[in-house]
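Single chain ahead, by itself, as structure tokens, in the form predicted on its own.
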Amino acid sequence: MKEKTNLPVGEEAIRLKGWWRAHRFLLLRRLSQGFFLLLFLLGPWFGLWWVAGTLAGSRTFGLLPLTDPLVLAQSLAAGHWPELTALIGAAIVVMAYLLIGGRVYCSWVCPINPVTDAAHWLHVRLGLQKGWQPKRHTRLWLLGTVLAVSALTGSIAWEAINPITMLQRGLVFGMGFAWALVALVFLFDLLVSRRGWCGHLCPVGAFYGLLGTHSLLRVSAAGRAACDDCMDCFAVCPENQVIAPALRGKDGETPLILSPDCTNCGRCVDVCSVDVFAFTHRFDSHIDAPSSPPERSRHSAA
């Protein structure tokens, strides 16, 4: 085992790149999540109705409609034809996530993400076991179940228990039962299943993952020849199964992370001290030539 592997995750990146570059996408995500949440709270809290509604459906400055396409899909499954503004709002959202990646919603917008990230941080700090890990396709089954229940009940079923919506409503009207749902998500990730909610169960994440299957924005391991096997990227990635095909690909295989499970959170870019990863587009499949022999080769030669 390499000596660097024993260092705390990200410490080498902080030493070589500086604290900001080793945390920039994490901090930008927190700012983004806070910004979007604040937009919806400006009206109820301060009377500034720049955005009216919730992440399920809103109107910005009284003009721009935005509709969660999963809410629209449930409405259609329930047999309710939405108004034209809802269709336009859903089309705008769909086009945006087709470009930037569906699960960008999960890592840059969803207010539950900081809750699950906090649970994961505490899980690691306490040294808890990985716990029960449902199959990743479980969330697809739950997504299908949500649509089926909507069709059977004639309602937008998921919104009745959606932790995202409940959190927003709770911050406006008082948390009440919403606290219990958010706490259950936190405790599930902390005590039952590490990264279980977002990675294995959430039907919203499943839907946006399908939406972003062919998205333009991608993370690339173009500098994979410089990889020194520190494993920090695997440690911080919320969907670390997506890394290996790009990072360990053979000559001629794409360095792009093409899995729809990737959330484009940028943490692999942050913590890599040798700058293996970078954001790019899905048509950029170039691979950087190594500037010096990678560390693992030098150890092998020894």
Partner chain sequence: MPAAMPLSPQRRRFLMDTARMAGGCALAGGALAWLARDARALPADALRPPGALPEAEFLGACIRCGLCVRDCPYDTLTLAELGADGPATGTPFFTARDVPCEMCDDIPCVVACPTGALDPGLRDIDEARMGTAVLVDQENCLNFLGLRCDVCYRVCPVIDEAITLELSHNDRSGHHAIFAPTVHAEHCTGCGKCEKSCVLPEAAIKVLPMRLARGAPAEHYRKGWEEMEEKGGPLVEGVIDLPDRLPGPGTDNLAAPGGFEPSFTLPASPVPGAGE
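Positions refer to the first chain, counted from 1. Small disclaimer: the values here were computed from a predicted structure and weren't measured.
One more form of this protein exists, namely the form predicted together with its partner chain; it is left out here, but the text below deals with it.
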| said: So if I measure heavy atom distances to its partner chain in the predicted bound form, which of the stretches 189-197, 84-92, 208-216, 119-127 falls within 4.5 Å? | reply: 84-92
| said: Even though the partner isn't displayed, in the predicted bound form is Glu159 close enough to its partner chain, meaning a heavy atom within 4.5 Å? | reply: yes
| said: Check Gly131 for me: does it contact its partner chain in the predicted bound form (non-hydrogen atoms, 4.5 angstroms)? | reply: no
| Quick one: does Ala235 come within 4.5 Å of its partner chain in the predicted bound form, counting heavy atoms only? | no
| Might Gly57 be said to contact its partner chain in the predicted bound form, defining contact as any heavy atom within 4.5 Å? | yes
| task | Identify, from the list Pro245, Gly53, Pro260, Gly266, the residue with a heavy atom within 4.5 Å of its partner chain in the predicted bound form. | result | Gly53
| Met231, Ala78, Val115, Ala222 - the one with a heavy atom within 4.5 Å of its partner chain in the predicted bound form | Ala78
| remark: Checked 123-138 against its partner chain in the predicted bound form; residues with a heavy atom within 4.5 Å, sequence order, are Lys135, His137, Thr138
